[in-house]
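There is one chain below, alone, in structure tokens, taken in the form predicted alone.
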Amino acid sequence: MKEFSSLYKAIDETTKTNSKLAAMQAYFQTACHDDAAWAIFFLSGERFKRLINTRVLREWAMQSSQTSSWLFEESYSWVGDLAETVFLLVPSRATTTEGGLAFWVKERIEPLRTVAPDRVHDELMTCWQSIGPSERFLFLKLVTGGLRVGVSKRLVIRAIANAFQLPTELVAHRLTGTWLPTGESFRALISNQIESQLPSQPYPFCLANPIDVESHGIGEANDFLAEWKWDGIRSQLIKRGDQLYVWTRGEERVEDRYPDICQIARQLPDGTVLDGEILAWRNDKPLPFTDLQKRLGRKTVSPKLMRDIPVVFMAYDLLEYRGRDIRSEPLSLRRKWLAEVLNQAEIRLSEPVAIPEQSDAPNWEQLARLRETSRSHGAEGLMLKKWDSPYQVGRVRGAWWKWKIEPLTIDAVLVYAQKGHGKRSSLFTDYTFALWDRDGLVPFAKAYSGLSDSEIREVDAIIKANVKEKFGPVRGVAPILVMELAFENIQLSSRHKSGFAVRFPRILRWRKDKLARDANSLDDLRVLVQAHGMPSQS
């Protein structure tokens, strides 16, 4: 536990990628295999769902620190993070921590999930008096499910590959799918032996980069496959050993959510792996992403739900052909074989498994005009993939690009604010925005990103000086700050007070030149729906 706490501290105290990489590499080379396996689990962004009710944790903290409820709430409001508030208030006699990360996870932290309510206080105190000062904060973050580490999974993969002189592609593949945080799994991960592949194991996904230069700066237009960029659930469909598996990019198996796709996909030949996107689909156009979420959230999908929200697996790529990994082959050949596989299975383009439409535009001017029609097709823009590119691991520049259309924008008034987490736990960084409806402001979207660090500090000072109301950690703010918000799409929604739902809202810029009365209205949103919106959601 002490070693992982030191690693967490080393990562948290630097913004340099090479320093983070070196710290992880050194840790994996020296940690026992059980501890290293759990470290991968947490560093990769996995975490426990909250093991203890926050009310119980607050009660324990107030009782242990002899702090009144009002003083605890004021402290929490100032600090902005529950784990850090408890860490600062509750005293401990322990000076050192016995046991590694795996011991603490299996013997102390996970068992809290099943402790009887009347025993939680005692169990928490037993843990607290057994853990040293540098590990207490980490312990609370693990217990509350609030641990966030400033590294990407790809960087974790690089650290493991460097530590044990393995190809990064091999490590990435072994960590994809069902990987359990055990010493045995870690030993298999770093093994030099080339093992046979598990039938259900997917491949690491290849990701695209946004175009940040003029499109013609990346090559000739006819060097690329151009197809619509859809907003769905990126997935791999696997047929091996006469069994079918569907994995999302979030490494979750979802065959049970999409039996209509699986019914058709069973016709695929053995040894086939398709990369694509699951979309809610009707009349040759995608339905809103919120409709697709209704399918994703169900363990059992009724015939009625399948009729109401039909889906399609839009197959972009073929990764395995007749049992052979073909990711190193050029895209042109992979797409040719993809068409052959679907033809062999007698799968028609109108069925729940299909190949997306591709553009034959010969130059950038025509592609640019096509891109401008994206919203009329329910798309976010274009995907551009070099015909000669292999299927790579992660986000590698130069081969795949996403050329998204400009976002929709509107000026809105900040009306509520809440403090952030981690390094921003003392600053108001989570904002709710409203638009005018007759003479009042109606909240319609939340946004958490888009301001610079200096702007966040400036906005934080204004919020603190203009708080009107308190709702737990949320503050009602006088309507004086106007921001231009950007979002990908908009639709009517009966589930939102404003009557609208927007996709991926974020702050584009702070409109210091505008007063609250100059912000947009809900009528302006209605105009955007008529011009660019998706169908309404229930």
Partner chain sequence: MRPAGLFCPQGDFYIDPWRPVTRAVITHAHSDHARWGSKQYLCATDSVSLLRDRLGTDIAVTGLNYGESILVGSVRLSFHPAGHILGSSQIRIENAGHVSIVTGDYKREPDTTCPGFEPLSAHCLVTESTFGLPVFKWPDTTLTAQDIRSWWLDNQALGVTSILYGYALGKSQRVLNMLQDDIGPIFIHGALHKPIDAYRLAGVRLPETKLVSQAPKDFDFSRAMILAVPSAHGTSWINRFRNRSTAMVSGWMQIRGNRRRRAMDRGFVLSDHADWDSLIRTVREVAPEEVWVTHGFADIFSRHLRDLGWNALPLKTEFIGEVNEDKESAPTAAGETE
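Between two forms, the rigid core is the largest collection of C-alphas that superpose within 1.5 Å. The model shown is predicted, which means the values in this text are computed figures rather than measured ones. Residue numbers count along the first chain shown, from 1.
Keep in mind the form predicted together with the partner chain is missing from the figure; the text below concerns it.
Proximity to the partner chain in the predicted bound form holds for all of 74, 88 and 428, with the criterion being a heavy atom within 4.5 Å. In summary, among the residues 270, 220, 122, 453, the only one with a non-hydrogen atom within 4.5 Å of the partner chain in the predicted bound form is 453.
This chain is displayed alone, yet in the predicted bound form one of 137, 321, 179, 128 has a heavy atom within 4.5 Å of the partner chain; that residue is 137. The shortest heavy atom separation between residue 14 and the partner chain in the predicted bound form is within 4.5 Å. Contact between residue 464 and the partner chain in the predicted bound form is found at the 4.5 Å heavy atom cutoff. The partner chain is not drawn, but in the predicted bound form it has no heavy atom within 4.5 Å of residue 164. Taking the partner from the other structure, the partner chain in the predicted bound form has a heavy atom within 4.5 Å of a heavy atom of residue 470. Across the options 477-485, 66-74, 44-52, 496-504, residues that bring heavy atoms within 4.5 Å of the partner chain in the predicted bound form belong to 66-74. Contacts between stretch 367-392 and the partner chain, counted in the predicted bound form as any heavy atom lying within 4.5 Å, involve no residue at all. With the core held fixed, the Cα of residue 463 is displaced between this form and the one not shown by 2 Å or more.
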